[in-house]
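So this first bit is one chain, no partners, the form predicted on its own, shown in structure tokens.
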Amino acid sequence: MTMNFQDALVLARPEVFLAGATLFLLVYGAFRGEKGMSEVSIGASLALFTAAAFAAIGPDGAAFSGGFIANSATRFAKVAVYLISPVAILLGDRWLGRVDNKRFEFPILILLAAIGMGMMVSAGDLISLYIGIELQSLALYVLAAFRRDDAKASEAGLKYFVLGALSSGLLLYGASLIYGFAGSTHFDVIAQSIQHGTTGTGVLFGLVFLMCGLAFKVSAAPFHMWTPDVYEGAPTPIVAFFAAAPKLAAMVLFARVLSEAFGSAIDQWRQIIVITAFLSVAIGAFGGLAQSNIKRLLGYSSIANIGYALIGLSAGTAEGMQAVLVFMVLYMIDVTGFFACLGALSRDGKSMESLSDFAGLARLRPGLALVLTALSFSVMGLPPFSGFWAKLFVFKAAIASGQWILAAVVLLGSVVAAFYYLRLIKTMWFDPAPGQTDTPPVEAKGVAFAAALFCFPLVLPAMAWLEPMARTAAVSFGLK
């Protein structure tokens, strides 16, 4: 049934509202200049909270000729993305102010990336998929190089842009092949063409290129090469944003493409996902062992954790998709808390990024040391922390779908990855401190403590509502 334009706007209300708020705040910031920086940040945060409310209560349906979809999965992802993005604004606004680089464009770029992520999770065809990815990516490229006078940040932004352009080329080439052989860009038409056997092998070649482009967006191996460099060079609170919301949005988009457009070709794309998951965990685990910079280490950790999420996706079931959603939300909270700790810690005005900088932290800042320890245990997957339950969901889904060999091999990889977190914990609690640390800022310390509180004492009550919400969202992907 064709939806009229007014109903279509209601369906896309979160994105329409964010677009209007972005234009208003951009003009307001241009006129007010430095005096309006705080107002723009507050306005952007309020706009994101409002968009999350719109997404939570929005109707189901398809608009714009099927290019935009709204259902329980999009609601789940958008609420998560729109609620975590203001945290990045809070951390980044204060952090950039302390390094004399505070500009009103920062929250505007967060808003633009959030609009792109909303488009990504609601994409119903290859065109809206590409629009969403590029809107998000272009904002992230600028954010990575936001500190223009910093050589590392400029290098990070350039590397991210060049490699991102390469991935976009792969994605577009795959999309053009799919369109050429399937005769449509819409996911449902592509699915019908594959099911009826009218596409031949050409569309599968297109799928491979498309998956390569999407793997870059989630920093899955072997398309992970940008991750450690960008994590190290970009400003810490901006990396906290990179590691959280965009990964969730890209993973939901990945799942939507595979389940809705290529659901009948699961035997073909599952092989690619299994190999990618294995490589991601292996490279993330072993690559992190050689790192002395904490941000690079977290970059390799993110590669490994994306591998765990891909295990759930390889199951090709509703249970597997539920596991992916639960895992990504819990990981998003953990990694935001981790980077909030990094943003809170400095010595003589310089950020503490080297592993040796954290020596003796338990005696200097026992609260933050305890938070980092809890978050490390959670990301390692130790019970009773949230990371344990997240990985348990993923491994259960993989085993239920017959992927028990992959689950066993990846479990060994997680044991290897545990070493570099244990090394950090040992350094904080047993090594002598090289000197006193600066007073941690209130906002970063607050976010870090909130994340640690969620990953341990609050995790079981949270699972009581997160699990059924993720189950409802997973069903809307059309998986069994």
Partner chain sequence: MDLQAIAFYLLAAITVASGLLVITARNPVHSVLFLILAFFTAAGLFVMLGAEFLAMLLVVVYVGAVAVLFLFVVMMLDVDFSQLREGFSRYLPIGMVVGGVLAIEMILVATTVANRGAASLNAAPANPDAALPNAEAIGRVLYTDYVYFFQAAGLVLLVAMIGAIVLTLRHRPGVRRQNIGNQVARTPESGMEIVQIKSGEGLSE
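Computed from a prediction, not measured in an experiment: that's the story for all the values here. Residue numbers count along the first chain shown, from 1.
Just so you know, the form predicted in complex with its partner chain exists too; it's not on screen, but the next bit is about it.
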Of the options Ala182, Ala374, Met211, Val274, which one has a non-hydrogen atom that comes within 4.5 Å of its partner chain in the model of the complex? Ala182
Residue (of Leu289, Leu138, Leu382, Leu172) lying close to its partner chain in the model of the complex, criterion heavy atoms within 4.5 Å: Leu138
Taking its partner chain as it sits in the model of the complex, is Ala19 near enough to touch it, meaning that at least one heavy atom pair lies within 4.5 angstroms? yes
Leu355, heavy atom within 4.5 angstroms of its partner chain in the model of the complex: no
Would Asp125 show up as a contact with its partner chain in the model of the complex if we use heavy atoms at 4.5 Å? yes
Test of understanding: in the model of the complex, would Leu453 fall inside 4.5 Å of its partner chain by heavy atoms? no
Segment assignment from 342 to 350, 384 to 392, 249 to 257, 148 to 156: heavy atom within 4.5 Å of its partner chain in the model of the complex: 148 to 156
Select from 62 to 87 the residues with a non-hydrogen atom within 4.5 Å of its partner chain in the model of the complex and write them out in sequence order. Phe64, Ser65, Gly67, Phe68
